[in-house]
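Next up: a single chain in structure tokens, the form predicted alone.
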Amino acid sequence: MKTGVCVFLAAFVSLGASWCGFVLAPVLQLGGAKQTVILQTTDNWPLQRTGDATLGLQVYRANGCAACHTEQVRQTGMANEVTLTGLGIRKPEDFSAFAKSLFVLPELASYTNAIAASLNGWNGALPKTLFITGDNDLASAMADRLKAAGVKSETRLVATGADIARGWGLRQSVAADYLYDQPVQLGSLRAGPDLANIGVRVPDANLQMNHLYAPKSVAPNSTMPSFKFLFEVRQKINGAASPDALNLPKEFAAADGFEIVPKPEAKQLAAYLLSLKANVPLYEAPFTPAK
């Protein structure tokens, strides 16, 4: 009997400790989370969403959007991006010749192929990214060489990883990004692209609503289902389209004399998508913003 009680108590304590560590502690930490400060500014992050965007989160949730989309940008590391910003008195072809001369420098030899490739077919447009490296000393050496050559350059800290390369964000997602989300819609499947930064990538509300009504009108190969039930097809008044009417390609537009207008839920969902802009540097997720 004593053995059974001891086993029960041991199991109870073990499970209770696990629950406290994996469930209770994160809830308490998140519950006490406050706005953070954007690096090198006095501005706070994140800002409370507008009324429509807050309601739009519930529309997003109700329609199961998190089943096909994530809102969490993953990052594998940091690197230095060396960018050419000014040629001074040099011509583009002169700088290309200078870049080839760097082959003879042992400390830069492993990167000159990348630099030469980046300049292949270059027409002189600026700014021009020369290469990205995780070696701070190498980035500094390159900056010194460029300065000595009479051209201007900048070295920026950038996040790296597959999600960053796809253009889904400028940095990894962190807890602060979700401070005003209830519930948080992290998602776990990417049948569609990640949406953590969709408000930066597609800042046009009309384009967002076109995509909701007829996904293939925006992305021809899209597998996303249409959310036509968030819109109303109605007859035009006096033959004129209303300001809210969608401007769709002919094959997706309403019949002659009719128009497609968003219901309040469509506008709220679009407002929520536009509010997804995790594009500022934070202490726990730094990067150097492009000027």
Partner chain sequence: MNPTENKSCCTNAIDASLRVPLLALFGGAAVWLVVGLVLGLIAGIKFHAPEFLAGCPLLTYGHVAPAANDAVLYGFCIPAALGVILWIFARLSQNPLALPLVPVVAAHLWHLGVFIGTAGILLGGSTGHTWLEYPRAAAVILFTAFLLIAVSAAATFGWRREQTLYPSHWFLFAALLWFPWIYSTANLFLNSNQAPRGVVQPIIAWWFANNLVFIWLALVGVGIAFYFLPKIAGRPLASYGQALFGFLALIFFGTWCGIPQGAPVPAWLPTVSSVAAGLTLLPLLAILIVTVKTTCCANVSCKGGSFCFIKFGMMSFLVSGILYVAAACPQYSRILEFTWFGAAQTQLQLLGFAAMILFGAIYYLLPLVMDKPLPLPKFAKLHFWLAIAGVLLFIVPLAIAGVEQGGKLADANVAFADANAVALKFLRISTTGQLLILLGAVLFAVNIFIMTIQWKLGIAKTVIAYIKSPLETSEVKS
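Numbering follows the first chain given and starts at 1. Remember, it's a predicted structure, so these values are computed and weren't measured experimentally.
Omitted here: the form predicted together with its partner chain. The next part is about that form.
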Are Pro92, Val218 and Pro262 jointly within 4.5 Å of its partner chain in the model of the complex, each by at least one heavy atom? no
Just one of 80-88, 143-151, 118-126, 159-167 has residues with a heavy atom within 4.5 Å of its partner chain in the model of the complex, so point it out. 159-167
Answer with one of Val174, Leu138, Val202, Ile132: the residue that has a non-hydrogen atom within 4.5 Å of its partner chain in the model of the complex. Val174
Sole residue of Leu47, Ala33, Val233, Ile237 within 4.5 Å of its partner chain in the model of the complex, by heavy atom: Ala33
I'd like to know if Lys100 sits close to its partner chain in the model of the complex, meaning any non-hydrogen atom pair within 4.5 angstroms. no
In the model of the complex, is there a heavy atom of its partner chain that lies within 4.5 Å of any heavy atom of Gln182, even though the partner is absent here? yes
I'd like to check something about Gln72: if you look in the model of the complex, is any of its heavy atoms closer than or equal to 4.5 Å to a heavy atom of its partner chain? yes
My question is simply whether Ser222 lines the interface with its partner chain in the model of the complex - judged by any non-hydrogen atom within 4.5 Å. yes
